[in-house]
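Have a look below at one chain only, the form predicted alone, in structure tokens format.
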């Protein structure tokens, strides 16, 4: 099965949906945060009757493990263009994430006003980039088989024990088996690269997400995404991470902002 099947939800009542957390979408046994967010978003799309997430924010409460989950949705506002709704994703009656989002339709149309002060990251050709391949002892080995990631050579040093010192990750990204990326899959892709902090040469072993926000700007064209993630501030035991995702047509399709905890190695 692919990403679409393994994020599918089924309605149980007018407000409650059931889903399954599948193995393989995890980091060290805990479900990837973008994967959890995508499942909650599928339920919210059905609940609101809208085709695309516009902006979604998730607060992470507990790790998710493979098994059945329930999503309880609530409508906050239903408008002509957008609907705003919230959801709680639970496992065994315990909340894993709390989600708030606005949903609508991302249609291609001539913009009335447009200003772009950015551009896709400058990436070398695919064949010269570094594959993120699973290896023994790799906490992300299972997840690495679900996405096809080719890191910029300048950002891949952490894999060989030579971090660059710059908290940055850039690379080409697509789902395994080149499965088409829809606007829900963009939520996963916004959390699919290794943490930027791995290249910062700091004594950090893992970085659990506290909050993740994704702004979806457009439906992506077929093909590889160009991705770029950076961290500017590491302080008070937390780090930020800003992300950009651009499609094969050079269109900005999503932006993300994440706050993560920095437990230090002991």
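None of the values given here were measured: they were computed from a predicted structure. Residue numbers count along the first chain shown, from 1.
The next section is about a form of this same protein that is not shown, the form predicted together with a further copy of the same chain.
4.5 angstroms heavy atom contact with a further copy of the same chain in the predicted complex for residue 201: Yes, residue 201 sits close enough to a further copy of the same chain in the predicted complex that at least one of its heavy atoms falls within 4.5 Å.
Taking heavy atoms only, is residue 259 within 4.5 angstroms of a further copy of the same chain in the predicted complex? So residue 259 counts as contacting a further copy of the same chain.
Looking at the partner-bound form in the predicted complex, is residue 114 within 4.5 Å of a further copy of the same chain by any heavy atom? Looking in the predicted complex, residue contacts with a further copy of the same chain include residue 114, since a heavy atom lies within 4.5 Å.
For residue 144, is any heavy atom within 4.5 Å of a further copy of the same chain in the predicted complex, or not? Close contact is absent here: in the predicted complex, residue 144 is far from a further copy of the same chain, nothing within 4.5 Å, heavy atoms only.
Single option in 151, 192, 71, 167 placed near a further copy of the same chain in the predicted complex, where near means a heavy atom within 4.5 Å: Only one listed residue qualifies here, and that residue is 167.
Of 156, 91, 84, 183, which one comes within 4.5 Å of a further copy of the same chain in the predicted complex, counting heavy atoms only? Among 156, 91, 84, 183, a heavy atom within 4.5 Å of a further copy of the same chain in the predicted complex occurs only for 84.
In the predicted complex, do 18, 175 and 224 all reach within 4.5 Å of a further copy of the same chain through at least one heavy atom apiece? The answer is no; none of 18, 175 and 224 reaches a further copy of the same chain.
Taking a further copy of the same chain in the predicted complex, which residues of 231-252 have any heavy atom within 4.5 Å of it? Heavy-atom contacts within 4.5 Å come from 232, 233, 234, 235, 236, 237, 238, 239, 240, 242, 244, 246, 252.
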